[in-house]
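One chain comes next, on its own, written as structure tokens: the form predicted alone.
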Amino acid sequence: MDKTVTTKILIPSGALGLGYDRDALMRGISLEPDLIAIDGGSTDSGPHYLGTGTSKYSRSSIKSEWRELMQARAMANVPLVIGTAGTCGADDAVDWLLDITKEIATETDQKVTVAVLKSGQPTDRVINALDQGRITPLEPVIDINHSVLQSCTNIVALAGAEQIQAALNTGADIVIAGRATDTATIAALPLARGCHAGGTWHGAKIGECGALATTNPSSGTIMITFDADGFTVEPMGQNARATPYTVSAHMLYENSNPLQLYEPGGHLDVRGATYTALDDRRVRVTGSAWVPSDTYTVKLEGARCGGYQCVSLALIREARYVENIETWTEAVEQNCRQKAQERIEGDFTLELRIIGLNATLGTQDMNAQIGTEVGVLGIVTAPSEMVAKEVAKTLNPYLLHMPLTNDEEMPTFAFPFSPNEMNRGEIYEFCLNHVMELDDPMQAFSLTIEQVRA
């Protein structure tokens, strides 16, 4: 590679829908990037979105920001790439963003070529790979079989740089990709141009969440410049700075090993990385290494129905009950479960979480403290919506009126809603944490071209 050649990737935000500093975006466009890359989602908000193939962000919010990025792309005359479209990257979510793109093109009088990269996996493909021994579990190990795979409403494979490169090679103005690694959309072009592999993957990891690797995360926009030896981080926000600390610390973000990062085709090793402040805003990184793997694998994610859920909430301020809240909730749970088992046909689970004490970590919370008020959240899960609601209705009088002891007056606590039983409908659970071996990177992905005209 010509050591004078650089590749500049502009990342507007950590994810489409989170917002960003508009002035920072325009500042980035003025520096003439080679590509604009943004992530579309993740598994952070749980399995519902993959299970249903829907976005957690509002359509209006996505359309507003995507419109601005499409206009910025037209100004810069460079490709615009999004990975994990529609939060989950399922095929339906990709189609959803494609429809939004067509609307915007019509409304703004744009003519664009869109490469559509889909990551959805037919069940038969995954079953065949399992039977052939080409699927390997990751930690924590989840056992799978034909029945588990057939129960999935959506299975996706995480695209890497190779699949994004294939989409870019079509010459498309916009790439809408299904589920992809957070780094793939950033790494694809620099790797294709021959930039330093270790530096490219490391810089892509640093840039995946936009300005999160700076002193002003809310500014959103960041520029990563890749070259033959490493990369340089420069935030676009007026008051944002990158420092060796903020940049190096991002290897800890959503990563079990801060010295390594696994991607399709190999892993990044940053043990030899050096972080140098070029000035009070920019950081230069060299010394990162890319270690190719012997086989090419892609991570699989799958979600399936986990039953139906109904929740109830009670608010408790009476000091004696707050002080003895764990004793009281244990009695409520025991009494309700016993009555429900006697009177309702069907399996169910009942859980009471104490909001204001240990609702997040449960028994793992070693520093739980009780304030003047707690909320008691009842969660009923059952194979049918009817059973879930029946058990929640059985719980209702216990949350409202159950005394702490048998020889005292009946209390009345606060219900913030009426009815207090709130159906959450069908819920989902993740059921895949595996990698699938491929003979060719495009083997499990589909790529089509859409000519979008105003």
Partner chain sequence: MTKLADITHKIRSKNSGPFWITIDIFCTDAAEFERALIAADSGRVAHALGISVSDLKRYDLPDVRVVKFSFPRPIVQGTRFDRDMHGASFANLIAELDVTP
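Residue numbers count along the first chain shown, from 1. Predicted model, so just to flag it, every value in this text is computed and none were measured. Basically, rigid core = biggest C-alpha set you can superpose within 1.5 Å across the two forms.
Quick note: we don't show the form predicted in complex with the partner chain, though the next part is all about it.
Participant: Which is the contacting stretch out of 426-434, 8-16, 21-29, 441-449, given heavy atoms within 4.5 Å of the partner chain in the predicted bound form?
Facilitator: In short, 426-434.
Participant: With the partner left out of view, is T43 within 4.5 angstroms of the partner chain in the predicted bound form by any non-hydrogen atom?
Facilitator: Flag for T43 set to yes.
Participant: Should G53 be counted as a contact of the partner chain in the predicted bound form, where contact means heavy atoms within 4.5 Å?
Facilitator: Heavy-atom contact with the partner chain at 4.5 Å: absent for G53.
Participant: Though only this chain appears here, would E254 touch the partner chain in the predicted bound form if you measure heavy atom gaps against 4.5 Å?
Facilitator: Judged by the heavy-atom cut-off of 4.5 Å, E254 is in contact with the partner chain in the predicted bound form.
Participant: Taking heavy atoms only, is G375 within 4.5 angstroms of the partner chain in the predicted bound form?
Facilitator: So G375 does not count as contacting the partner chain.
Participant: Please tell me whether the candidate spot formed by Y245, A249 and E351 is one where all three residues come within 4.5 Å of the partner chain in the predicted bound form (heavy atoms).
Facilitator: Checked in the predicted bound form: all three residues contact the partner chain.
Participant: Which one, Q132, S147, N77, N367, lies within 4.5 Å of the partner chain in the predicted bound form by heavy atoms?
Facilitator: Among Q132, S147, N77, N367, a heavy atom within 4.5 Å of the partner chain in the predicted bound form occurs only for N367.
Participant: Pick from T286, Q309, N216, Q165: which residue has any heavy atom within 4.5 angstroms of the partner chain in the predicted bound form?
Facilitator: Exactly one listed residue reaches within 4.5 Å, namely Q309.
Participant: For the stretch 353-368, return the residues whose heavy atoms include at least one within 4.5 Å of the partner chain in the predicted bound form, in the order they occur.
Facilitator: R353, N358, A359, T360, L361, G362, Q364, D365, N367, in sequence order.
Participant: Would the C-alpha of D365 be classed as shifted by 2 Å or more between the shown form and the other one after rigid-core alignment?
Facilitator: The answer is yes; the displacement is at least 2 Å.
Participant: Once the core is superposed between the shown form and the other one, does T246 show a C-alpha displacement of at least 2 Å?
Facilitator: No, its C-alpha moves less than 2 Å.
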